[in-house]
Ligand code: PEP
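Below you will find one chain, with nothing else, as structure tokens; this is the form predicted on its own, and questions on how it binds or moves follow later.
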Amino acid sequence: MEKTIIAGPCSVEGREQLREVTEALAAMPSVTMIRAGVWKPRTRPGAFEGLGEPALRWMQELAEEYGVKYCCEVARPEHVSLCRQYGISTVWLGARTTGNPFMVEELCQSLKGSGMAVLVKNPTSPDARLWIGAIERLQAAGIADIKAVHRGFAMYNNRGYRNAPLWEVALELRRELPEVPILCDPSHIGGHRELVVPLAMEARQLDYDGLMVEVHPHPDSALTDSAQQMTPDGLSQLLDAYLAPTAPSDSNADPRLTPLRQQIDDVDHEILSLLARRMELSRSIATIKHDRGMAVYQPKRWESVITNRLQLATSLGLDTEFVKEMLEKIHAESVRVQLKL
């Protein structure tokens, strides 16, 4: 299936900057659309916050001159009105907007009947339900062309990324809404241009439907997100790798997969059986704690468990961050089970 490739600058900084990047991207047949930030409210005031309507005017002129399509972020109904006025037929909802159902509903009302396509970036928090809810609101408003954009999540520990990928959240959205294409935004996940290519290739392995990449003619001097923007040449090299032919996606093409998948099924059954037994033990412990008037949560015991299990995980060659997250979830469920008794 043909991939959707959206690329362009984080922000429109001037007419010549927009022309330069548009000319470069228009020469790449695989680029579907050019992204360009028009309104850029920053986390803290005083930074460059976009040029607003003048940028839309330049986009309209250059779209006609180069035969390209642009898209930009909207956060208020008046943004939608101006985009329609200047011929912008695709808009996206940013992470902060997606996380606010009131804002999403207002935008849905302004988008209703417009015929515009909408890209929905994931919310800043790793909440698949919030992301799905924004898409469902748009669907209820009659928006037919909707794509999700995975741009990573703000976490206490982002593991070296600007926003932790948490691929499993995007895969949960795909499971719930299989009809909605998902694009990967490796620029915002990585936060550094050297991470964009490996992240894009991970998205390819997960069969995403395309990419949304920040591209600037002179990224080091960009007024916003300078560290994560690529040059047009960098994008061209990325697309050569990303769009290279792949092996058939038929999951049954290789007979060696069947016995291995059966073994995984068996292991999963064992894991779930062990988890059920662990919760039974937690219930027995809860009874004793109740009889003795002990608190359910025992911090010294929990610290000992975490230390011991992470040492074991290391000796087994397992990722300690993964194991720690798993143990924390199991412990939270164990506490919940004990509190019910």
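Start at 1 with the first residue shown and count on from there. It should be emphasised that the depicted structure is a prediction, and the values quoted were computed from it without experimental measurement.
One more form of this protein should be noted, the form predicted in complex with the named molecule, which is absent from this view; the next part is about it.
Heavy atoms of no residue among K3, E202 and D240 are located within 4.5 Å of the named molecule in the predicted complex. Looking at 94-102, 138-146, 78-86, 231-239, the stretch with residues near the named molecule in the predicted complex, meaning non-hydrogen atoms within 4.5 angstroms, turns out to be 94-102.
Contact with the named molecule in the predicted complex, defined as a heavy atom within 4.5 Å, holds for exactly one of K289, K69, R309, K40, namely K40. Though the partner is left out of this view, E172 does not reach within 4.5 Å of the named molecule in the predicted complex, counting heavy atoms only. Within 4.5 Å of some heavy atom of the named molecule in the predicted complex lies at least one heavy atom of D225. A residue is said to contact a partner when one of its heavy atoms sits within 4.5 Å of a partner heavy atom; R193 fails this definition for the named molecule in the predicted complex, lying far away.
Taking the partner from elsewhere, L25 is found to have every heavy atom lying beyond 4.5 Å of the named molecule in the predicted complex. Shown here without the named molecule, the chain has only C10 in 2-23 lying with a heavy atom within 4.5 Å of that partner in the predicted complex.
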